[in-house]
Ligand SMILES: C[S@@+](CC[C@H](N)C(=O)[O-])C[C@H]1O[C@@H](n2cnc3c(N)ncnc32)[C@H](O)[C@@H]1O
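As structure tokens, one chain now follows by itself in the form predicted alone.
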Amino acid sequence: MHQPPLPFNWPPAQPAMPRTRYQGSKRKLADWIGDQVKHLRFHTVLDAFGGTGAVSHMFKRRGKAVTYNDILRFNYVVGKALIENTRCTLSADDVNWVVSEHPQLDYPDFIERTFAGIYFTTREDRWLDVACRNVRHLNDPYKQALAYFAIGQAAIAKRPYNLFHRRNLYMRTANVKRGFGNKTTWDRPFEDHFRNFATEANQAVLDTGQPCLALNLDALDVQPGYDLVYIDPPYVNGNGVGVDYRAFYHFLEGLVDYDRWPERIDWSSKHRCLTPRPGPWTRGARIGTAFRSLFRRFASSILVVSYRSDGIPSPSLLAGWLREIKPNVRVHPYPGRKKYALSTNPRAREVLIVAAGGT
């Protein structure tokens, strides 16, 4: 394994990770997570469940060689745009190209036909069809990734609960008094959101001189050999119900796999989700086995686990399993509160478990 450098005092986090409303993002916790491991010796980092890339970006800013991984295709594209990418940004011409219709191109209407009245208005569905077609004409894969990031973040911002878990466009369009949400944000044009997120994505691109990579694999298929492995899997609550990010963000998966989208849809579902693909990380009965398998696979690395205090398995059980392979295990409760859109337990807290030492 690579011999890591001595620990050092990390500088303030700049440039900042773009804003996101993606559920479970560690953007606000990333620097705190970094503080809990800054005394340890490590250089190469695997973010095994990369998600929004917030933790990967924090480690990248601090000069680590980061490998971002996520099994979801949209998330992988985010990792490619903000972690693997070191120099490429979207120019004003690129942005204008994505948001405009071009007479030389034929535009499909798949979203407009398939998702009519489900998530967005007819005009917004048309905008998405056009933008997805235009992105594929950008001349660089990193430019394409940045553009998909901005389109996806715009779509999330315009959704009630910031999810695609139900057919609820009416919540935006009904002429009623509202007790939640931000109708101004919901109704802001896609183009405005896209331009803002494209700007933020550009500002987050940086080259630290260290090699970074994005992968699109199951975490258990990633090859071991990293100094530190950060593990932030989907959360399973006390009732054994897991957060299925593929179900919550299936629409974003389709956006980045536009040509194959029709064959991936479960056409019997009311909101046109993807055909279910259950895995161990969303099932209480199987997640314990998955955790232990992952710990054993990366037993030679420093293991850092993010979870919730009311989760299954419990943090104490996770710490016990880690002590079977690591001599030094510490549990760090996050001192503040982090709210989730659909959480029903106000007492639950974020917990970080750091396991180090040994071989």
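Just so it is clear, the model here is predicted, and its values are computed rather than measured. We number the residues from 1 along the sequence you see.
This next part talks about the form predicted together with this ligand, which is not shown.
Peer 1: If we define contact as a non-hydrogen atom of the residue within 4.5 angstroms of the partner, is residue 242 a contact of this ligand in the model of the complex?
Peer 2: No, residue 242 sits far enough from this ligand in the model of the complex that none of its heavy atoms falls within 4.5 Å.
Peer 1: Mark residue 205 yes when one of its heavy atoms lies within 4.5 Å of a heavy atom of this ligand in the model of the complex, and no otherwise.
Peer 2: No, residue 205 is distant from the partner.
Peer 1: Consider residue 171 of the chain shown here, and say whether it contacts this ligand in the model of the complex, taking contact as heavy atoms within 4.5 Å.
Peer 2: Contact check for residue 171: no, nothing within 4.5 Å of this ligand in the model of the complex.
Peer 1: Examine residue 149 and determine whether its closest non-hydrogen atom to this ligand in the model of the complex is within 4.5 angstroms.
Peer 2: So residue 149 does not count as contacting this ligand.
Peer 1: Since the chain is shown here on its own, which stretch among 59 to 67, 312 to 320, 38 to 46, 23 to 31 would lie within 4.5 Å of this ligand in the model of the complex, judged by heavy atoms?
Peer 2: Comparing against this ligand in the model of the complex, the contact stretch is 23 to 31.
Peer 1: So which of 247, 219, 228, 95 gets a non-hydrogen atom within 4.5 Å of this ligand in the model of the complex?
Peer 2: Spelling it out, the residue with a heavy atom inside the cut-off is 219.
Peer 1: Going through 54 to 73, which residues have a heavy atom within 4.5 Å of this ligand in the model of the complex? Please give them in sequence order.
Peer 2: Contacting residues: 54, 55, 69, 70, 71, 72.
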